[in-house]
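In structure tokens, one chain follows: the form predicted alone.
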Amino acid sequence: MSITHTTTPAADGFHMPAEWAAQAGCWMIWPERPDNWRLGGKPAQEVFAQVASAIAEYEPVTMLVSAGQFQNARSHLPETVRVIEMSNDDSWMRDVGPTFVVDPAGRKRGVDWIFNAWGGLVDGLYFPWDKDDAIAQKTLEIEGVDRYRAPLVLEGGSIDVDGEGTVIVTEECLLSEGRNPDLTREQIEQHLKDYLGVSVVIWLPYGVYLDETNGHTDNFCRFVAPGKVMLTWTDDVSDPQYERSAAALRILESAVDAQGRHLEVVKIHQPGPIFITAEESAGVDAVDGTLPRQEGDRLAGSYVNSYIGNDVVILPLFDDVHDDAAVLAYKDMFPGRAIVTVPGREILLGGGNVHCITQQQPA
């Protein structure tokens, strides 16, 4: 049974734990949308299966899948991955799934944010999105976890917490016209404190250049340990990403977290730049009302968009000159965790990466 509470997590003593805390499992959604994933999603399905199989070596994985794709998904996934039929609009579990919160007694609840496809009718990426907006509630009911329905349009990829009272967000995303135009920055910040159980909000101006989510922080800057963050970087001062990353670095270097710590910043050089090829563009169905995938479009590639699981980190690579440095940086940031790499290009072509397609459930 799942009860919907009218209070807030913070008022009830709950907070969002860090991603590196112990996990009960991971949730994903099977890709198939032909106007987003090329060739009917077949190449992406292969990579989603790789990601799910890699995580399943370390913790339980549940794959949500439409009725029409159930048998196909089941045949691609190991038996250790639980497959559940659930209607959906696309496959971004980080953004449509619940944000799990915990209390000192070890109880779990879930925050169900309002989802409007990254900007609604202003600059959202598809319509309708009602199936996706229902996924968090359905997930919590399956697990018998109590729910909070937050009065805020927000995606899980737009927040990153240290589990000790601090959250990182970007102004580009949370203050975008298509999300909460009737709320002030101060009101949005209060909602973050109420529903994540944090006391300090670090606002970065921008995310990754041309990120179609309006600059989610999970593609740009994330905590890797208390008092330590990784930041997408480029040494090329002529690249549009440079000033975005430099602006974030200035803020991070002067920031103080909820525990009074100054932050250590690890720069992770971006891959690429990466551009859509003619073949990749031709494989995507052209449909009115969805974002076109045009040859030559720059993609928001990032090594920061990884999944931190139990004893493992799943890291996307891009057959890029910066791949090796990213792997070495991850081994240094996550000692004691296996660094398992997966091909990141197919997920990136859909608009995100490994972190965007996963959602952890804390132990």
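A residue's number is simply how far along the shown sequence it sits, counting from 1. This is a predicted model, so every value here is computed, not measured.
One more form of this protein should be noted, the form predicted together with a further copy of the same chain, which is absent from this view; the next part is about it.
- Within 4.5 Å of a further copy of the same chain in the predicted complex, a heavy atom is found for every one of 71, 86 and 141.
- In the predicted complex, at least one heavy atom of residue 4 sits within 4.5 Å of a further copy of the same chain.
- Mapping the unseen interface onto this chain, residue 137 counts among the residues with a heavy atom inside 4.5 Å of a further copy of the same chain in the predicted complex.
- None of the heavy atoms of residue 269 is located within 4.5 Å of a further copy of the same chain in the predicted complex.
- When contacts are judged by a 4.5 Å heavy atom cut-off, residue 107 does not count as touching a further copy of the same chain in the predicted complex.
- Contact annotation: of the candidates 79, 186, 253, 235, the single residue with a non-hydrogen atom within 4.5 angstroms of a further copy of the same chain in the predicted complex is 79.
- The partner is not drawn, yet in the predicted complex one stretch among 43-51, 327-335, 63-71, 295-303 has residues with heavy atoms inside 4.5 Å of a further copy of the same chain: 63-71.
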